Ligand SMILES: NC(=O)c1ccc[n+]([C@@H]2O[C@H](COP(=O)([O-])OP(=O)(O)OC[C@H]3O[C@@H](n4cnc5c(N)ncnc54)[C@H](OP(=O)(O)O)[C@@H]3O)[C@@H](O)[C@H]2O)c1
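Next up is one chain by itself, shown in structure tokens, the form predicted on its own.
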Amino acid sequence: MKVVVFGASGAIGRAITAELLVRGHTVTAATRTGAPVEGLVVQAVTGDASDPASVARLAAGQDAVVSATGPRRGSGEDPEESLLGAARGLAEGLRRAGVRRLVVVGGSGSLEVAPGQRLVDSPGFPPAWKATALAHARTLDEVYRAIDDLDWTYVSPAGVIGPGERTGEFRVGGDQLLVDDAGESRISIPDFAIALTDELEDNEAFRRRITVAY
């Protein structure tokens, strides 16, 4: 496949780009600066997911788009403005380009820990993460779930995602937080990249959210 990855320079975007390349896909890495992606031999271009014209230009002739965009930590960006803007820009840009497939790196805060209770609303949820988690939740509910003319998939990580091994062993769920026998919810970035790329290739979860955890 020919795939554009927005946000390819971030830790998760870079891992997804690497996984796509390993599997033989043709990848265009879109970043805000267009700078080369560290450690990868991939075409790097300047792209803004919040700008429909930029999205349409880069998506034209592609088979799919992956979005790993989000507010940069410590940048002072408003999470809602960043995430909602990117979602709307991607949707309109893909429509203009005539590309239907979109896979999005989402957040975990809106996953259910009990009927009607989200992770972000749980006691002890880290305050530093709350604004971004709520922005992710709003973006899923107000933008993606209202789209019925694109084949989107929203991929939420486990409660904790970070560096780790590439094991290829994980579980895939839906709207509920997945936890292990110790009650922990976690996934490594490399394994998250595997799961997202699997979904991009298999096309099994159109217009819904999936989640990935050990």
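What you see is a predicted model; the values in this text were computed from it and never measured. Counting begins at 1, following the sequence as shown.
What comes next is about the form predicted in complex with this ligand, which does not appear here.
In the predicted complex, this ligand sits within 4.5 Å of a heavy atom belonging to Ser108. When this ligand is considered in the predicted complex, Gln62 lies well away from it, no heavy atom lying within 4.5 Å. Although the partner is absent here, Thr31 is a contact residue: one of its heavy atoms lies within 4.5 angstroms of this ligand in the predicted complex. Residue contact check for Pro52: none of its heavy atoms lie within 4.5 Å of this ligand in the predicted complex. In terms of contact with this ligand in the predicted complex, the residue from Arg72, Arg96, Arg100, Lys130 that brings a heavy atom within 4.5 Å is Arg72. Heavy atoms closer than or equal to 4.5 Å to this ligand in the predicted complex belong, across 1 to 31, to the residues Phe6, Gly7, Ala8, Ser9, Gly10, Ala11, Ile12, Gly13, Ala30, Thr31, ordered by sequence position.
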